[in-house]
Structures are given as structure tokens and as C-alpha cells.
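Okay, so we've got the same protein chain twice, two forms, each given alone as C-alpha cells, structure 1 and structure 2.
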Structure 1
């Protein structure tokens, strides 16, 4: 049985910095394997006009395997395996690989996607790349000519929109209240922070009790976070939830929930003034809080500023602390005032680095912002 390197995609982003790949990302490559298989069959038919089917045994024993993961962010070395003496022809899979790379390049540059891959195959990108988060990419290169393409959240959406699928799915999260739960049909509705309602969300046994508890707490204002696979229309409108992966009851100061509310602000939100906040910047800030803000530190109250930043406020008597997060420049302007002595502390921190967030955490601790002190 032959086995040799076929594809070495490079995964970039904070989750891949230690040459590690989260398990949910590996599911994307199963979809890539299916896409390459179908494209190889299509390439064979193109080369053999008049033949409706590939020869029997053409794909016997075919497999794509991750042999190892190399450093450099994370680079899975994917090998193409087929039994010796089979009718398998590697050329058609290499042609399929090039077609995928060219389609990703076209989506990234705004070119003609359909000239690389027929429309009926583009639906596979609804699963390949679905786990990507803001700031992450899968870089693909064709070994024969060195052509490279970057699959990102945006280029993936362009590929799916060019397909025949009427929708686009994404892994994501929703914040809101469970205002209706139909135990007979095992489905619920969630009212989002902007007042809109998503209906017909399926519930399995794993999350049944959590949804029931959240529904019971609706009158007292209990809010939840739903993580799962979200379904969007071709114009980007949220339509439904395909699958619920986790349900979390939220604290009123939860950073993710507060930032989700800020996503709804439009230009002019403050009496005709006030800039909307960068969606990508809010995604970045949420990820940095999740990754770096210590559990033993008091959570801030978060507010928008008219300039398009996010202000965090901590009341840590006798100190009043505020930090303005510039979500575009990725910096934090810190100001603290001692309400008893009028002493002031000002500092600018690089919020785009791990060291900057460590400094920020120590700053909050220094003003008495540890949970145990509350």
C-alpha cells in the first residue's frame, strides 16, 4: 500500500500556535476528503468524455490520512493512500487539489470561482472551514505549481454563496432568553439581545435539563449562551440553529454577553452621534478576555464609547478603574482614580499581546480586583 505526502495545509491563528489542532477542526478535513474524491471523479470523466462512471475499482482503498503535525502554526501532513496495483490514478487527485486551491484563491481575490470548480461541488465548503474563527485561516498550496490560497471565514462564505446551497452554516454562539420551550416536540425559541427571535431550535437529551432550567428562569431575567451550528441565509440573515452543542447560564457581567449587545449598535446610536463598533474587533476582544482574563479577577461592567471603543469599569473602593479598549488598534488606555486621596494612575497597555493581558490582570489585582476580596 503506497503512502506519500499529498497536501500540507498551514493553519494560522491563536489556537494553532503550539502545532496543535482542536478536534472540531479535524472534522473540516473529512469534508475536504469528500470534496477531493468527488472532484477526482469529475476530472476523470472530463478526461474520458462519453463515460458516465469511473472504472470499477478506481477508488478502491483510497484514503487521505493525517500522518503527523509539523510546527509553523500547525501543519498537518496529509498523505494519500492507495493499494499497490489498484486502478487508482494519483493524477486526478492532484488535479482535484489544484482545483480546490484555485477556487480558494478566486474567493479570496473576488475572482470567478466557477471557473475552478463547478457550482455543484462548492457546497462542500459549507463544512470545510466551518470551524474557523475570526483571524484564523487554512492556507492551501498546490505542490506542482506552488499556487497558494487562504481559506478564511470570509472567503469560505464567498465559496458557499457561489454554490447551489440556499444557506450558509457557521459554528457560533447566541445570547438571549429562552421564552418558549415545547417539551413535546423537543424544541425551543430564544429571544436574542436585539429582540429578534430564533424559532424551532432542536433539543437533545444532553441539553434538555439546561434548556428547561433556563426557560423556568425567563421571568427572573435568566440569560443563556447557546453554542452550536448556526444557519444563515445567503444575505447573512440568521435563520435557525442546526445543532446545539452547549448551553450555559450566564452571569449578568459575562463579557461575551455584554459584547454581543454592543454588536447591535449602529452609527448614530448616541443621539445621532456615536460610532458602531467593529464586529471583528469585538470578536477579538471576546477571545482575548476568554483566553487571558483570570477567573480570580472581578468582571468589568462594559459600555460602548462614542469613538467606537469598549470601556470596562471596575468599582474597587477606594479605586475607580476604567479601561478603554481600542478594538482596532488593539491597545488599552487605563485610568484609575482613588476617590479618597485623588491619586491618579494612567497607563497604556498593548492589548494585542499575551504580556499585555498579563500586565492588565496584575493592574486589576493591584487595585484589589480579586474575586475573593469582594
Structure 2
């Protein structure tokens, strides 16, 4: 039995620093393995047009394994383990690898995906790449000719849309209130922050009590965050939730939840005026709050501005503080008014830097914005 490097996909994005790969991402590679195996069979059949199926046991012993992870951001070295004396030629796996790279290239550039991989195999991309988040990518390279393709959330969606699947699944997050829980059928409904309702979400034993508790808290405005596998129609419309992976009770001023609500605003949201907010900019702002905003500081109320910025407001009597975050230029315009003395403080902070957020936190603390002091 022999093995040698077969594929070295490069994973880029914040989660893949230091040559590390989250375990949840490894499930994607199990789907890639299945895809390559099926494509190798297809390539064999193409080379043997008189044969309807590969001979029994032909692929026994073939296996793809992650042998090690190299830095840059993270590069799993995948080897193809082939049994000695196998009748099946490694060449077919290499042809399959090239087909995957070409399909990803086509999806990325808006080219003809079907000419690289037949439609019936594209459904594997519903699982391969499902765990990718915004700003992350899996770069695939065919070692023989150096051809490269980047699998991102967008190119993966294009691949699944080109498949025969009627839907696209994606790991994602929902915020809302659980207004209905059917304990008999073990399913619930959630009303999202934009008012729309997602029905028939299955609950397993692990999350049963959390859902029940959130449902009971509906009257008092209890909001939850649901992480799981979301199901979208081919037009990108959210249809259902395939699996709930975690349920978290949320604070009413949770930044992620609020920004998720603002994400739904379309141009003209303010009775004809008002620009929609940049989705990438909102992702950035959420990440910056998560990373840099101190737990001991009062959470802001957040509002969209007509110009497409996000305003944070803190009522820290006698101070009324506002910060307008330009989520594209990554700039924060701060204004504070002492409602008793009329004293004003104005400041522009570079919100794109760690130092800028440290300055921002100090500013809020300086106005008495510590949780313990309120």
C-alpha cells in the first residue's frame, strides 16, 4: 500500500491562522473525498464507453487522508492511499481533481460549470464548502498544470445552483423570538428580527429545554440566537432550518443580533430615503465589537443612518454620547454632549485599528460607561 501528496488545498481567512483547521471544517473534506471518488468512476466510464459500471471492488482500498497541516494560512496535505497492485489507475483520480478545480474556476469567473463536471455531481458542493464563512476561501490547485480555483461562499452557491438540487444549505445564524413550539411534533417556529417567520424547525433532545425556555420567555421579549444548517431556495430565499446546532439566549442590546436586523434594510428604507448598509461592512463592525468592545462597558443602542452608517448611542447621564461608524471607510465620528453643562466633546477615531478601538473603549469608560458604575 502506498501514499503520496495528492492535493494541498489552501484555507484562507481568520479561522485558519497558525496552520489550524476547526474540526467542523473537516466535514467538508469528507464530502470532497466522496466527490473525487464518484468523479474518478465517471472518468473511468468515459475512458471505457462500452462498460456501464466499474468492476466490483475496483476502488476498494482507495482512500484520501489528511496527512498533516502546513502553514499558510492552513494547508492540509491530502494523500491518496492506493492499494498495491490495484487495477484502478491513479490517473482517474488526477482527472477528477482537475475537473473539480475547473468547476470551481468556472463558478468563480461565471463560466460554464457544466462543461467541467456533470450536473448530477455538483450536489456534493452542498456539503463541500458549507462551513465557509464570509471572507474565507479554499484554494484548490491542480498539481499537474498549476490551474487554481477559489471556493468561496459565492462560488459554492453558484456550483450548487448549477446542480440538480432544489436548495442550498449553509451553516448560518438566525436571531428572533420563538412564538410557537409544538412539543408533540418536536418542532418550533421563529419570528426573525425583520418580522418574517421560519416554520417547522426540528428540535432534538439536546436543545429541547432551551427552546422550551425561550418559548416561555416570548411574552417578556426573550430573543434567541439559533446556529445551525440553514436551507435556502435556488433564489437565495431562506426556507427552513435543517439542523439546530446551538441555542443561545440573547441580551436585548446584543450587537450581532441588532446588526443582523440592519442587514435586511434595502435602499429607500427611510420612507424612500436611506441607503442600505454594506453587508461586508456590517460583518466587519460585528467582528470589531466582538474582538475589542470590553465586556465591562455598557452596550450601545444601534441605529442605521440615512447615509448608510451605523450609529451607536449611549445614554450615560449627564452625557449623551453618539458614535457614527462609517462601515466602509472604517472611521468613527464621536460626539458627546453633557446635558447639564452643555459641554461638548468631538473626536474622529480610526476604527480600523486595534489602537482606535482601545481609544473608543477609553472614551466610553471616561463618560462613565462601565456596567458597574451604572
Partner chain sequence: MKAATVLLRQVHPTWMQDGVATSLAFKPSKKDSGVLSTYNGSKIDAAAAWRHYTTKMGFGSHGVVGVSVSECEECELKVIADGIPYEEHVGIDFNAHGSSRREKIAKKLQASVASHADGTLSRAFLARAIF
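What you see is a predicted model, and the numbers here were worked out from it, not measured in a lab. In this text, the rigid core denotes the largest set of C-alpha atoms whose superposition between the two forms falls within 1.5 Å. Positions refer to the first chain, counted from 1.
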Please state whether structure 1 or structure 2 is the form predicted alone. 1
Please find the hinge residue among 217, 250, 210, 134, where one rigid part turns relative to the other between structure 1 and structure 2. 250
If the chain moves as two rigid parts between structure 1 and structure 2, put down the smaller part's rotation against the larger in degrees. 13
Expressed in angstrom, the C-alpha movement of residue 362 between structure 1 and structure 2 on a rigid core superposition is 5.1
